[in-house]
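Next up is one chain by itself, shown in C-alpha cells, the form predicted alone.
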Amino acid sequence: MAVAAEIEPERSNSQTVRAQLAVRDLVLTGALKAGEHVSELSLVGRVGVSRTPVRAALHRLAEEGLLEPRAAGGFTVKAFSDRDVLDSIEIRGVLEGLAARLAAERGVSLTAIAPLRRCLAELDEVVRQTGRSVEIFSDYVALNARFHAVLVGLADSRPLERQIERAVNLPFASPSAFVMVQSTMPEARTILTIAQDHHRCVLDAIEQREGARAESLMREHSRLASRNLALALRNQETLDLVPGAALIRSSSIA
C-alpha cells in the first residue's frame, strides 16, 4: 500500500509535465493563437491526459507567463509587446550578472571552472566555422545554453539558481531565444564574435575575481538578445525562426 501511495503522486506529476509540454508546444507553434480562449475540457483530447493534470499544467503555464487567467474561467493565450520581451531579457541579464559577480567574489577552483573552459573551447570551434547554416547555429544554441547554466552554477547559490530558472522561463527570455534568427542575417558573424568575446571576458573576470566587471559583462551580454529581437522584428521570415514569435506584437522598436 505504501508503495502504491508513493507511485500515484509520481504518475500524477508525470501527467502534468506531459500536459504542460504539450500545451506549451501548441502555443509556441501557433496552434493556439494569441488571445484565444483555452479551457481544460478543450485540451483533454488534444493532449491525451485527464482534466486534473491539464488544470495543473494550465496554472503552471500561467506562472510562466504564456497564459492569462480569465475572470469567467479558463485561460487566454497571452500576447507580448516587444517591450515585454525586452523587460524579460533585462531581468535575466540582471540575475545572470549577479551570478557572475558572486562567482568572482567567492572564488572558483580550477576544477570547478574547467567545464566552463571546455565549453568555451567548443564554442570557439563553432564560431570559427564559415557560413551561416542552421546546423552551425543549432550547435551554438546547445553550447550557449550549457555555458550559461555552468556559469550560474559557479555562483553556488541555490536561491539565485531558482530565480534564474524562473527568469529563463519567461517568454523569450532564455539566453538562446533569438540566436537562431542570426542564421539568416548578414550581421550574424559579427554578433557571434561579440557574444563569444563576452563569454571569454566573463570567464577571465571570474578567474581574476573581478566581481563588478563580471557582472557588467553579463548584463551587456544579455542585451545581444535585445539586438537580435530588433533585427528579427524587421523581417517576418527571420522572426518565424523564433518559436512563439506570432505572440509578439511589435510596437516601439525601430
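Residue numbers here begin at 1 and follow the sequence given. The term rigid core refers to the maximal set of C-alpha atoms that superpose within 1.5 Å between the two forms. Since the structure is predicted, the reported quantities are computational estimates derived from the model, not experimental observations.
This next part talks about the form predicted in complex with the DNA, which is not shown.
Using a 4.5 angstroms threshold between heavy atoms, residue 41 counts as touching the DNA in the model of the complex. The closest non-hydrogen atom of residue 73 lies within 4.5 Å of the DNA in the model of the complex. Contact check for residue 49: a non-hydrogen atom falls within 4.5 Å of the DNA in the model of the complex. Put simply, residue 16 is close to the DNA in the model of the complex: some heavy atom of it is within 4.5 Å. Between the DNA and the residues 55, 189, 223, 198, the one pair within 4.5 Å by heavy atoms in the model of the complex involves 55. Only one of 225 to 233, 198 to 206, 212 to 220, 32 to 40 places residue heavy atoms within 4.5 angstroms of the DNA in the model of the complex, namely 32 to 40.
In the model of the complex, no residue of 156 to 175 lies within 4.5 Å of the DNA by any heavy atom. Core-superposed comparison between this form and the one not shown: the Cα of residue 121 travels less than 2 Å.
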